[in-house]
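Encoded as structure tokens, the following chain is the form predicted alone, with no partner shown.
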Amino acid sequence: MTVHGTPAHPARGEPRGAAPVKPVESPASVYAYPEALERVWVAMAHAKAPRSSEGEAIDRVAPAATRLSELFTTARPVAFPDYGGDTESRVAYGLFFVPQTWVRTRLALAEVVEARGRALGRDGVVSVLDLGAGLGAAGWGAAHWLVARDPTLRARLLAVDRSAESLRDFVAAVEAVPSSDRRLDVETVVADLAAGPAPAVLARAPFHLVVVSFALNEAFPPPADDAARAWLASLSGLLADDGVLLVVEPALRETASRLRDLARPLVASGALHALAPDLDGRVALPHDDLRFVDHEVRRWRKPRSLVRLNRTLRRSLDELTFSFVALSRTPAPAFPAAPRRVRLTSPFARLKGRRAFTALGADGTRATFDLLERTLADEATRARVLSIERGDHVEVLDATPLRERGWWRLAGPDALRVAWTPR
């Protein structure tokens, strides 16, 4: 593993409700968060309060984590402050947000690689660009997963952020985690992503994967939609022919809807193609019912330090929520017309005498499917069906249209087959 700093002009899964604390052991799991990386942020918290126990040191970070959480959700100012310049904020971010970002990015990337069959890399090397990297969780998590899946692959990661302090801590974390792979080369560039690609970025293009995680709305807050869309379009020039632009944003209605509104005309013009979450290569219009927002909700396994920190914050963290689009200059192959493939856009909801979910199909149409509750009498069958999550791909093998527009009745549990779910 090698680490380089490249200064530029500084410019700016588990059962629902469970609280698992043991990390997944296989690095190839989408949900795996390295315990060695968790220890880095715990050690940083402990260094600020050396006379406290580790648990007490984590608790002391709670006020800073609360401020950041409110900044990213309820506050959402027009111009985001440079929170990366504050040491306490970086430690709080490392403990509270890095694990979430690490897994969110891998979940989105897994759909591109596994469900859409997009192979990333060439000649044994995958090049990754993380724009607005902060502490590097998105790009590092993605690169770590790609090399863990393929032992013959090597990753080159270029992390760009306006905060030199955040990038410095990122590099220190990479150096402190030997298990993060000797097959990972890291470079950093201090630059404001809103100003356009820095020369050091252009010099290293093209990239197999460009990641923008929770940074688009910070760099281009509303109402700067034209600037945001032009910037997204410009990133296509940084992509290899089969490269992927992965943009991850919060699951808030305004951020999730805006992301899709920004991407839709780029895809409609043919400048880019959608690989995910839409299955037909386009970006669908919103659901007629405004209660349904196109975003992800995934159960996951929280690291111990996050469980401890959340004892004070009391945030709902049993599920990861986010929105994303994955775009490319080249389209993915179309899914076969039969069996009918759909992607869940809601969980199974309990209705009177039935269970129902909304879905977006590979033909671009939205539909609602229901299943009579009495067909789930067998506990094993019930557990299997109700374990299907929002975002999973399923094949509908037998369904009948109902009188309600867009509603279909599944013949039974066996009429639904899981085609893809992240592992």
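Everything numeric here is computed off the predicted structure, so don't read it as measured data. In this text, residue numbers run from 1 along the sequence as written.
This protein has a second form, the form predicted in complex with a small molecule, left out of what is shown; the following refers to that one.
- Here the chain stands alone, but in the model of the complex its contact with the small molecule, taken as any heavy atom within 4.5 Å, falls in 155-163 among 276-284, 155-163, 236-244, 255-263.
- The small molecule is not drawn, but in the model of the complex it has no heavy atom within 4.5 Å of residue 141.
- By the criterion of a heavy atom within 4.5 Å, residue 134 is counted among the residues contacting the small molecule in the model of the complex.
- Using a 4.5 angstroms threshold between heavy atoms, residue 324 stays clear of the small molecule in the model of the complex.
- Looking at residue 300, you'd find every heavy atom of it more than 4.5 angstroms from the small molecule in the model of the complex.
- For the candidate set 93, 170, 145, 207, a heavy atom within 4.5 Å of the small molecule in the model of the complex is found for exactly one residue, namely 93.
- With the partner omitted from this view, the residue of 342, 103, 126, 193 that lies near the small molecule in the model of the complex is 193 [heavy atom within 4.5 Å].
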